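So this first bit is one chain, no partners, the form predicted alone, shown in C-alpha cells.
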C-alpha cells in the first residue's frame, strides 16, 4: 500500500447557488492509499464537494488537482477516465437490466473480450457475495445490494480514487460488514477513498483523516480521536 504522497488537492473551492453558498473556500489534501472522511450536519456541503471533484458541478472559485493535474470543470466521464470513481447516496444503477449488464456498461469501449470482462465482473461480484445475482435485474436488489453493485461497477474501470457518498445509509449490518471488508481490501491494494457519511462510527473506524464541514465551511480537520473531542464539531452537531 502506497502512502505519504498527495493524490488529490482541493484549493479554495467555492460553489454558489443563487444567493446560497454551498461550499466556501474549501481546501484539503488527500494522501494516497488512505480513507479520507468528510462529515458534517445536513446541508453542510459534503455532497456538493464530491460533485465538484467528480465534475457534476464546476466550482465557481478555486482549483482541484489530481496527481498534479488540474481537473475542475472536466465533465464526469473524463474525470472517471483519469481515475476517479463515484458512488451516490441514492444508487444510480440501471434497474431494468441485469446485474452483469450493469457491470459491463462502463467498459463497453474496452479492448478486452466479453469473456475477459465477464470474468472480471464475476470476480468483483464474488468479492461482495453477489455472484449468484448476476442475472437478476437491478430493480430486484435490495437498497444495500444496489449500493454494493454501484461500488463494484466503478471498480470495472479500476479507479485510483473512490468517492463514496453515504454508502452505509439504510444498509443491513451484514452488507455493511461486506462494505468494510471491501474497503480494507482495496486500500491494501493502494486505492484511495473519500468517504462522506453520517455514520460516524464507520467514519471513525475507517478513516485516517477527517474534515468537518458546517454551512459550507471547514471547521475542523484531524485524526478521528482529535475530531471526536473537538468542541466546534460537538457544537455543530449538537448545538450549545
Partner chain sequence: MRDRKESTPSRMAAVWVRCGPAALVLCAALVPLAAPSISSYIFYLMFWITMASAFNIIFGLTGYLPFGYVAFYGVGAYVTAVMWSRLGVPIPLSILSGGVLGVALSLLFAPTLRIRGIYFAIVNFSCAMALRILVANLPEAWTGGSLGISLSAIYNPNASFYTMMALMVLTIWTVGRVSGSRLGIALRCIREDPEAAQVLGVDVVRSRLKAWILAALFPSLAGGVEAWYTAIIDPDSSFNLLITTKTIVYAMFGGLGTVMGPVIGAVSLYALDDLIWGKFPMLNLLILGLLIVLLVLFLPRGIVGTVTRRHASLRAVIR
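Everything numeric here is computed off the predicted structure, so don't read it as measured data. Numbering follows the first chain given and starts at 1.
In what follows, reference is made to the form predicted in complex with the partner chain, a form of this protein that is not presented.
Although the partner isn't part of this model, could you tell me whether residue 122 comes within 4.5 Å of the partner chain in the predicted bound form, counting any heavy atom of the residue? Residue 122 belongs to the contact set for the partner chain.
Heavy atom to heavy atom, is residue 76 within 4.5 Å of the partner chain in the predicted bound form? Flag for residue 76 set to yes.
Is there a non-hydrogen atom of residue 54 within 4.5 angstroms of a non-hydrogen atom of the partner chain in the predicted bound form? Looking in the predicted bound form, residue contacts with the partner chain include residue 54, since a heavy atom lies within 4.5 Å.
Residue 140, heavy atom within 4.5 angstroms of the partner chain in the predicted bound form: So residue 140 counts as contacting the partner chain.
Residues within 4.5 Å of the partner chain in the predicted bound form, restricted to 56-92 and counted by heavy atom: Result: 56, 76, 77, 80, 81, 86, 88, 92.
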